[in-house]
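One chain comes next, on its own, written as structure tokens: the form predicted on its own.
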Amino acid sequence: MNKFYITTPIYYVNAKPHLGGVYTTLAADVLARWHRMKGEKVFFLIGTDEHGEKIAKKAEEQKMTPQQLCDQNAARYEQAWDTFSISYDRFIRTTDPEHEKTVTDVMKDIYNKKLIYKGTYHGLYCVDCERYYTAKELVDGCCPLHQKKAVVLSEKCYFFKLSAFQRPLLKMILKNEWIIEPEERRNEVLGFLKNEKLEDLAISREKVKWGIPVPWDNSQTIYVWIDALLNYLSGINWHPNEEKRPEQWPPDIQLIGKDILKFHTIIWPAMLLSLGIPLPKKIYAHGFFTVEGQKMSKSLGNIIDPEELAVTFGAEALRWMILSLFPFGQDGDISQTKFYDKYNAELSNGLGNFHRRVLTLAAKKDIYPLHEADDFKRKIKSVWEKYETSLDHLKFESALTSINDLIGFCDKYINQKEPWKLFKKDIAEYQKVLYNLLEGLRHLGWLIQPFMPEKSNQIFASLGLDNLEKEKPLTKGKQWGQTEFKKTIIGEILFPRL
């Protein structure tokens, strides 16, 4: 059995889940479910980032301790992931004792290798990002993400010799020993490494107390981003100097948003090289959402709350819609109107309507003989091929397009065959047509499974196959014409029209 390790960034616990974080997490969940469908052993890591200056200030404002605030907000994230049926294997928090131990052990290991030294940092800092910027990276002196003036910071701290890893990183990317996708993100990182000189990185804070202490100097705490990145190791219970690495390492893929690309393609791999362990096989950075052409922001009043959308459309429908709006990896524009249009066109009038039509036809007759249908068989084979290629290359919207293509094919088949007429004049032909439609619907139950697991189960249950299909391996599920349909149930409407 192959293994497949997926990670997403751990989300900053100072706020509730936002649409961008939900987008990354849904993509990772679909990927995890797809690889489980293929019979692979999957480990899917997710969690919350809970240290740093912002947390401490927010807790003080709310008259809470930082730990109380973290406990409260981490619970909100876990609840949101339950709402969206996220099938993670571990939810890690950076205040977990085992995480703090891993961070401490890693820092000691790098320090003992003479890759950390003490100095004084003078630079520009965004409190909201909790990161340092160069003057070139700022826009009119402001953070490019938060549009707030960067503050000049000067404090004693420890530095990691990041500059020592410029050539090794560049060489690994150029030789494709380490994969960064999509191509434009790879080019962005290459351009930075070729044209900018890496400077050593400040990795501790003297004035921030809510953090993990530097193990050899308790007057300092570890910089929140260093702490956060190490969750990918603590999440699989890895510690330095262990002879045997956990079986999950290295990750097959790390999914991130492009706003944290440099952390994951420069700082993170440099730390791993310093520890002497392999890099993740692939980093994939997706794009940003805009809302009707504008960046999402509180000041513009155009924030779209994913949990409110889930109430309106249903969490499973939202899983489908978010990943079908535009190609994964690119920027895309969204709006409430687009969600309504997509829901009604693809789910209510598309899959939901086809499901209802077939079950209504099936209610007329209880026995459906096995039947070979060349056109259907060829179409199903073609759809599965496109679907599998799409998911293996993270083309989620393309996989969903292939599902819509099959629904369109089935609807056209119904209109051409007119089974309601066959029922009155040619019952044998009616049964053949109906079998093809039931078998097509069964395949759709499999195809939507990574995207809408509960709706998939609902389709199987309506076909009287719920337990039978759940126990099948994918190789059996993909076969055409091997299923005997005995009793169908119309049941609830899959996607009521909005």
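Quantities reported herein were computed from a predicted structural model and do not represent experimental measurements. The first residue of the shown sequence is 1; numbering continues from there.
Just so it is clear, the following notes concern the form predicted together with a small molecule, a form of the same protein that is not shown.
With the partner omitted here, the stretch from 206 to 214, 174 to 182, 257 to 265, 135 to 143 that lies within 4.5 Å of the small molecule by heavy atoms in the predicted bound form is 257 to 265. Note on contacts: among Gly287, Pro327, Gly350, Pro250, the single residue with a heavy atom within 4.5 Å of the small molecule in the predicted bound form is Gly287.
Listed residues Tyr343, Trp225, Tyr158, Tyr387 were compared with the small molecule in the predicted bound form; Trp225 is the one with a heavy atom within 4.5 Å. No member of the trio Trp480, Gly481 and Phe485 reaches the small molecule in the predicted bound form with any non-hydrogen atom inside 4.5 Å. Not displayed here, the small molecule is approached by Tyr232 to within 4.5 Å at the level of heavy atoms in the predicted bound form. The closest non-hydrogen atom of Asp29 lies beyond 4.5 Å of the small molecule in the predicted bound form. Under a 4.5 angstroms non-hydrogen atom cutoff, the small molecule in the predicted bound form has Asp49 among its neighbouring residues.
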